[in-house]
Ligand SMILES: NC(=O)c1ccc[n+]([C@@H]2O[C@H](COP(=O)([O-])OP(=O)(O)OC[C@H]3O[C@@H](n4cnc5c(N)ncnc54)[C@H](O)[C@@H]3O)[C@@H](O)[C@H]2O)c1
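Next up: a single chain in structure tokens, the form predicted alone.
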């Protein structure tokens, strides 16, 4: 398929996992892609080739995001699609969570999603429309143990998505979110250490008998929503989780 020939796509979290797979998927379908991350972005862009550019960016830093988004749009020659995928998290008893780590997780997952959308929106408005796809999580739809900061951040992404979709509907900007379940990415390693005394039976409701998704499966959903086939989707939160939230 070549649904994105001529399209300009910005992907955060592009250094690995879902972000890298998504950048690769859009490039394979003809798009020019800006790969943003704090590490691994250069390798992703190099693997794609001449149709990709790389930028180091900590999405929790609003001033840095403003500068990088402008530079990326200039390098791409415009902007059509934004994929907010950068994210962090960990397991920790809430009574042991540090204020600093709580702020950091919310800063990347929620504030970072807002920062990128905020500074991409003027470019999309100037172009007459576009698509923003955020990354929520099943942890933003149902409770997950030892994950207060992560759940709060992803629940915030859900409502941020709906708010932006409502606000910019008339300007031809579609805003949706994907809520993955367990996926074979680096962030899973951050959730591989359980807090002391944790009762692992609490994890049953957030585990699927279908096991974990491949990053490429999530990337395919990003591409569908961004394409003309997803034209009638805005404000949608699409779970792709092996039935966890069914």
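Numbering follows the first chain given and starts at 1. The shown structure was predicted, so the numbers you read here are calculated from the model rather than taken from an experiment.
Keep in mind that the form predicted in complex with this ligand is missing from the display, and what follows is about it.
Under a 4.5 angstroms non-hydrogen atom cutoff, this ligand in the predicted complex lacks residue 161 among its neighbouring residues. Not displayed here, this ligand is kept clear of residue 208 by more than 4.5 Å at the level of heavy atoms in the predicted complex.
This ligand in the predicted complex is approached by residue 108, whose closest heavy atom lies within 4.5 angstroms of it. Residue 53 falls outside the set of residues with a heavy atom inside 4.5 Å of this ligand in the predicted complex. Only one of 90 to 98, 71 to 79, 133 to 141, 168 to 176 places residue heavy atoms within 4.5 angstroms of this ligand in the predicted complex, namely 133 to 141. Just one of 234, 227, 24, 16 comes within 4.5 Å of this ligand in the predicted complex, counting any heavy atom, and that one is 16. Checked against this ligand in the predicted complex, the residues 31, 59, 48, 219 give one hit for a heavy atom within 4.5 Å, which is 59. Interface residues of 18 to 41, taken as those with a heavy atom within 4.5 Å of this ligand in the predicted complex (partner not displayed): 18, 19, 37, 38, 39, in sequence order.
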